[in-house]
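Take a look at this single chain in structure tokens; it is the form predicted on its own.
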């Protein structure tokens, strides 16, 4: 007898990886015993099926209208609670329809240090908080090395508030539609330092086409709508990249020491 629990876990893993539809029109019975020398009967011919007319997506407004709506909702938020409510109410990003939770932020809103990553992963989508999986645990250990914790002096969020299916890379349209909320997020918090974790966050907020390996470790003046003076920003590797390429941890450690030095100088 097949292990039903194992099959269930396999199906859950496939869905988590983005395989949420079957390729064949009918399941293949792989447990059916094979009969030697006998050719299996050809399947009965399927009757012709009329072409299916796809219904329009739930969001039919043009992308420009959705972007205008995001800007209007973000600008109307005068507190962090209002911004969170606006993000949760926003339906202009298609990722929301496939996500389990809206993943807004975690940490101390009064912290001098704000870290911005790419998007929630499977664990974050399930729990509803950013950076709680393996990469988040690594990030916590890295920050602890310079005396920083979420509870006391760090605030963490992402460019996207919803998980892309299968943890795929976000599209430019998806990051653009969420960007007004990210800018307002920074403006309301007014951190002393923003750390851009990974290529997506760095490219989106700095509007640069250079890869993260070229920008990592460099400090930038980040102009933020709603704040008179630019905010100090540092580009660094995403913790998930360090899990795949641990040889680069020494570079990230140098970035952490640079952050520690800046924080001490701004006290």
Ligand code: URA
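The model shown is predicted, which means the values in this text are computed figures rather than measured ones. Residue numbers count along the first chain shown, from 1.
Just so it is clear, the following notes concern the form predicted in complex with uracil, a form of the same protein that is not shown.
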Point to revise | Per-stretch contact check against uracil in the predicted complex, the hit in 123 to 131, 173 to 181, 70 to 78, 83 to 91 (non-hydrogen atom, 4.5 angstroms) | key: 123 to 131
Check your understanding: With the partner left out of view, is residue 216 within 4.5 angstroms of uracil in the predicted complex by any non-hydrogen atom?
Key -> no
Check your understanding: Does at least one non-hydrogen atom of residue 118 fall within 4.5 angstroms of uracil in the predicted complex?
Key -> yes
Review point. Out of 147 to 161, which residues reach within 4.5 Å of uracil in the predicted complex, heavy atoms considered?
Key: 158
